[in-house]
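Just one chain follows, in the form predicted on its own, and it is written as structure tokens.
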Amino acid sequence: MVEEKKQLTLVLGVIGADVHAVGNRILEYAFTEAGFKVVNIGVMASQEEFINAAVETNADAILVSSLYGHGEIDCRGLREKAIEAGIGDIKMYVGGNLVVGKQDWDDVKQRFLKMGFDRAYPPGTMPQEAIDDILEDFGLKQKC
């Protein structure tokens, strides 16, 4: 009997007062084409909307996107909300223009990891990098 590979469910959205709908649709397409079940909560999403969608769909991961530079403010406390909702061990990924102005990416990345994100991606990261990381994080990436 062949073991069926579980399809991972990802909650995807754009946090805060950010409206970059085109980028959100591109990410949805890329993750869907890669075989994930994508629950896209759209733009201008609150932390509560991410958490509620993850709970309701029994999601494996939350993917937060931000383009307008206020991701650091908008994302602070998301891990704590996940813990409060009983999904504290959910994988969380964040990417985009996460801070205002030009800042050293390594410093920015460390801030998001300290906030409880499993991975953080700088502006311009191609979706395939996150796809590969998610597969690796869930032990689904095939070794070459």
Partner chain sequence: MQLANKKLDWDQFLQIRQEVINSWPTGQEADLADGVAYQAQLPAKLRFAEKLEQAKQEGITLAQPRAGVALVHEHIELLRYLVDEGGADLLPTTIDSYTRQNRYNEAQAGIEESRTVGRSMLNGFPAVNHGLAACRQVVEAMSVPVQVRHGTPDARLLAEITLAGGFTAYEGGGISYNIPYAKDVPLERSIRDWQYVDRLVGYYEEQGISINREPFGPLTGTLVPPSISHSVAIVEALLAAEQGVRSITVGYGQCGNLIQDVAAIRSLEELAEEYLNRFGYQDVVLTTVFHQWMGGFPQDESKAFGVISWGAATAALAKATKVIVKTPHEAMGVPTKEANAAGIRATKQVLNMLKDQTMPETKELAAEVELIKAETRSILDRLLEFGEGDVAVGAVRAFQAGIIDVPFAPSRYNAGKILPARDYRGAVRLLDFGNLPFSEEIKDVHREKIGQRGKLEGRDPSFQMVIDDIYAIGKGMLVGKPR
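The model shown is predicted, which means the values in this text are computed figures rather than measured ones. Residue numbers count along the first chain shown, from 1.
Although it is not shown, the form predicted in complex with its partner chain is what the next lines describe.
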Exercise for review: Would you check, heavy atoms only and a 4.5 Å threshold, whether residue 26 touches its partner chain in the predicted bound form?
Suggested key: yes
Check your understanding: So in the predicted bound form, does residue 60 come within 4.5 Å of its partner chain, heavy atom to heavy atom?
Key -> no
Review point. Quick one: does residue 44 come within 4.5 Å of its partner chain in the predicted bound form, counting heavy atoms only?
Key: yes
Review point. Does its partner chain come within 4.5 Å of any heavy atom of residue 110 in the predicted bound form?
Key: no
Point to revise | Contact at 22, 74 and 103 by its partner chain in the predicted bound form, all three, heavy atom at most 4.5 Å | key: yes
Practice item. Identify, from the list 70, 81, 91, 37, the residue with a heavy atom within 4.5 Å of its partner chain in the predicted bound form. Key: 70
